[in-house]
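Shown below, as structure tokens, is a lone chain in the form predicted on its own; questions about how it binds or moves come after it.
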Amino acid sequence: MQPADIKNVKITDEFWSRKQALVKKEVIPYQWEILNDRIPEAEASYCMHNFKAAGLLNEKMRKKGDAFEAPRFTYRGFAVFPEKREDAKDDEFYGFVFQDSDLYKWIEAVGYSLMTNPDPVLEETADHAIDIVCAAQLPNGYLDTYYIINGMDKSFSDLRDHHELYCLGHLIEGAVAYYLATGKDKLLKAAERYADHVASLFGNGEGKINGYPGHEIAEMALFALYDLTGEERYKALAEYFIDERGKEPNYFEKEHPDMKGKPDYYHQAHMPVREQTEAVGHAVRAVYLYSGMADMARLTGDKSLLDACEKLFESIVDTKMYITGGIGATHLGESFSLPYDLPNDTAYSETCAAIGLVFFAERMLRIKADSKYADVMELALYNTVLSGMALDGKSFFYVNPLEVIPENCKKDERKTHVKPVRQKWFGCACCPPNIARLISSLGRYIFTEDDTTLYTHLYAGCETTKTVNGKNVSVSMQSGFPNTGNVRITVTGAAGSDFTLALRVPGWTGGRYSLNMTGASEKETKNGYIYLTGFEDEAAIEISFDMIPRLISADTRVAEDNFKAAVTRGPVVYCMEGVDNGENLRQIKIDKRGTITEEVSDEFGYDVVTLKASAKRIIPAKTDFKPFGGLYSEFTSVEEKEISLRLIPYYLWANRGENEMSVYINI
């Protein structure tokens, strides 16, 4: 199976078209200004500065010819930022070693946006950026500004930490998207030249580098380049990186002898990938790797690799995923923690990790239409991914906690990674452009298809066509998600073809839905999908999913959530905020037998379903008997005050100023 052609999926959905319009009108222009360091109140990026500096150096090298020697490598640390922007020198590299990738993600977001919303001015801006990128590329195809500026003699000498292959991956993905959008191949050719250069250097032969990326993404990017070009060398390089990871002797031990004898969980290099069964290490790197593994399993039919993917997916969703679809519980290494260790107030839950989980789930759906993958993809999208960006598109969360007390975030060093309000930008700015590229490319996540079947994974209003047996079948979907579970689909032109429409039944329905149709018939339900066939020339399908508020408890092995519950409604997780419910949210206890009512509010600029529930604010009463000093006293009873608890979608928190927030509520 393949995703439906994104250019052939026109999103008309009120909810998602608003998000895509925000990305196009606000986020992409804002981020372009950021990348050029023109937003004074935001952290400097230096991204375009670095490309221009590398281009100037490259120009000098070309003018001087063979007599010119590139500078010897000067180590300047993992990240360098001048104290003031005006102190930046024209020929110096600034920022993190992977700073190039921010622009590549921005170009990818632009590409996907242009596919469905042509914009000559935006395209001209992107062309200008691409010219600057290509001017920095060396004659042999190498393209990484950190080493071009600081000295080429150490290039590919620290694969674990210096992210050259990570930047290659994002370059490829941006180039592919921009080519598909515009037909312009300047950046694509640059990406191919860099990939060809890497392919010439890496491998198991004599004189080859037998390493692999420290930060994965090149794997799935190379498979995307193979899908576009059909060039086997890109597929072979991706397969090499995946097959080599975790083999003994461990390549990263060669680069870093201090690692000898220490299992490299952080980089998922502790054992060969086919033997891995538990999601470990840096969460973003992990799901990027697993996405590449799924691509390889799909393209090669490697069952052992598919088995590993399935076990790793189960490891995540059964033991290491927050109810918001966030992953990566600890700030120590931005990593997965132990199974069932999912603290709420110190959660890392990086936005990029949730985006990577979407990538992984979507790639598993290309192999097998099983609703468990789409359920997770939808959960991450509607919650942690959207939480990562403010309603105005101009501030962002890197970390997505499930509980926040602002004072604690500022004064407790264990929680300083948690921010009570979104930030304008980050020195390490992987998340903001990642959100932009995902939302812009939403059309590729709604459907997958094979020769005869269109699989519907997300219920977002859209229009598409599919050719079956030479007939053009038109499919139009109207969706009330996430406010209602009502969906109407019309299919025209399918009569006399073998067209099949597969509709996902979300896991959160509990199997409760109603289905009415004319001009089609139900064939079977399998792996959470209803298969419809026998289409007449005009067919109408109405499906309504039970979208009632529910109290959801965690496995009792998640110690932090014992005697607590989260409130969900359909794919949306809800939270309570101090602005609605006062301070000390930990004192609130929801009535588990009470009725949760729905209210439609336009407080956030569009209609949003908010919830009200019966609850109590509980204050323990204590006596004057203090056996161990003033901190402790004898417990006698509790004072309970009836309150009306208001809940809003989690993705909307922190849009009304700094205040407390909590997803889980005492029961």
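Take the two forms, find the largest set of C-alpha atoms that superpose within 1.5 Å, and that set is the rigid core. Small disclaimer: the values here were computed from a predicted structure and weren't measured. We number the residues from 1 along the sequence you see.
FYI, the form predicted together with another copy of the chain isn't displayed, but the following is about it.
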Open item on the list: Is it the case in the predicted complex that Ile323, Arg550 and Ser553 each bring at least one heavy atom within 4.5 Å of another copy of the chain?
Closed with: yes
TODO: Can you check 155 to 163, 338 to 346, 439 to 447, 534 to 542 and let me know which stretch has heavy atoms within 4.5 Å of another copy of the chain in the predicted complex?
DONE: 338 to 346
TODO: Name the single residue among Thr597, Ser514, Asn140, Asn562 that comes within 4.5 Å of another copy of the chain in the predicted complex, judging by heavy atoms.
DONE: Asn562
Task: Contact residue in the predicted complex, from Gln587, Asn483, Thr464, Thr492 (heavy atom within 4.5 Å of another copy of the chain) - done: Gln587
- [ ] Answer yes if any heavy atom of Asp318 is within 4.5 Å of a heavy atom of another copy of the chain in the predicted complex; otherwise answer no.
- [x] yes
TODO: Although another copy of the chain is absent from this view, report whether Ser633 comes within 4.5 Å of it in the predicted complex, heavy atoms only.
DONE: yes
- [ ] Tell me, yes or no, whether Leu332 is in contact with another copy of the chain in the predicted complex, where a contact means a heavy atom of each within 4.5 Å.
- [x] yes
- [ ] Would you check, heavy atoms only and a 4.5 Å threshold, whether Pro620 touches another copy of the chain in the predicted complex?
- [x] yes
- [ ] Pull the contact list for 650 to 667: residues with a heavy atom within 4.5 Å of another copy of the chain in the predicted complex, in sequence order.
- [x] Tyr664, Asn666, Ile667
Task: Yes/no, Gly630 Cα shift of 2 Å or more between this form and the one not shown with rigid core fixed - done: yes
